[in-house]
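To begin, one chain is listed below as structure tokens, in the form predicted alone.
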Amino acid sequence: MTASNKDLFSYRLHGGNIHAAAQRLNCSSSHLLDASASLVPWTPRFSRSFHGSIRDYPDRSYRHLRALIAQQHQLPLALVLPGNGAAELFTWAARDAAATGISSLPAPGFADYSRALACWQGRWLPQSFLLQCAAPFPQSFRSPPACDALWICNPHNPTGQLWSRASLEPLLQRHRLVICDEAFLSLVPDGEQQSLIPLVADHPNLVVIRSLTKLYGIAGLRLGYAIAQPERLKRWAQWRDPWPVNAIASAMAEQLLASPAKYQRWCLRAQRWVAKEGAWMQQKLSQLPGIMPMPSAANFLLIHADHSLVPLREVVEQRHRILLRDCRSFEGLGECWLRIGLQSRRNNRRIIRALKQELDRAPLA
């Protein structure tokens, strides 16, 4: 793909391209239901008193925000680094991974890991594992001996499988660097029990990356953070721009995390929604002809069919103004797969009605 024959920003490596879709469909973005991005369907109410945040440069150390994140996880302040979304932090993790050696990327997997590695001319090998619904990480998965770094995602994106901490911990002995993406873990009922964050203090080869945008439905603010040992985070801080998190985003994050009790209540609300709507959508999707949903612990469901789902995704977008995630950017998946982000019950019904209507109109071959 080159800029000469395709708009540089029109490719679909990620969900949430609602503005591009609105332009393509010649409609307002407010008319679209975006189930291609996996966010909670509600957002917090913020204070409007951000005048000081607008006028002044941010604190380059982000000390207050780091302290609040550290408090949530009961960690020393030095183990925390906020970022301009998880994507920015993947870029710095990839610089370390590229210097470490060849990366192993379990497939299917999130395309942003290879994007980040490519920034540093890093080398990687996709390693397929069976799509399954098991709490332990697949013991059949073995990185080639040449692979020094491993990228994992828990819960796994795009399948939604939740790996147990006990099955992931041995990976720290096999690799010089392990990068664990826990962007969706706070939305998973009892998911924190499987987090690798408690292992960071004793494992200098471990990096855990989290996102606040999924939990709070604030993807436009770009807020994430990394948990790793201080020497690594100091190195990242020297590499990157002086103020990667703008002052408004930082101030809003401080509001969201100021009360541990409120944070826990928000997480419980999100987790109850995931459990309720996930089970409902799983049942309804399984009743659609030719559609096979995979079990998921996360706030999205991966579905597949025996034939291409691209025509179905396109007609649902055009006729019903609903965006579903095209999965062709995930290594190991193709046209027979779609990912659906959970919505409110009303909008989940809208998705099911649209899919049923189109499948009844033109059943999958």
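One rule holds for the numbers: they count along the sequence shown, beginning at 1. Computed from a prediction, not measured in an experiment: that's the story for all the values here.
From this point on, the text means the form predicted together with a small molecule, which you will not see here.
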In this chain shown alone, the residue from 81, 249, 86, 180 with a heavy atom within 4.5 Å of the small molecule in the model of the complex is 86
From 223, 200, 150, 117: within 4.5 Å of the small molecule in the model of the complex by heavy atoms is 223
Taking the small molecule as it sits in the model of the complex, is residue 211 near enough to touch it, meaning that at least one heavy atom pair lies within 4.5 angstroms?
yes
Report task. Please check if residue 236 has a heavy atom lying within 4.5 Å of any heavy atom of the small molecule in the model of the complex. Result -> no
Taking heavy atoms only, is residue 205 within 4.5 angstroms of the small molecule in the model of the complex? no
- Message: Even though the partner isn't displayed, in the model of the complex is residue 184 close enough to the small molecule, meaning a heavy atom within 4.5 Å?
- Response: yes
- prompt: Does each of 90, 110 and 113 have at least one heavy atom within 4.5 Å of the small molecule in the model of the complex?
  reply: yes
Of the candidate stretches 163 to 171, 275 to 283, 187 to 195, 212 to 220, the one with residues having heavy atoms within 4.5 Å of the small molecule in the model of the complex is 212 to 220
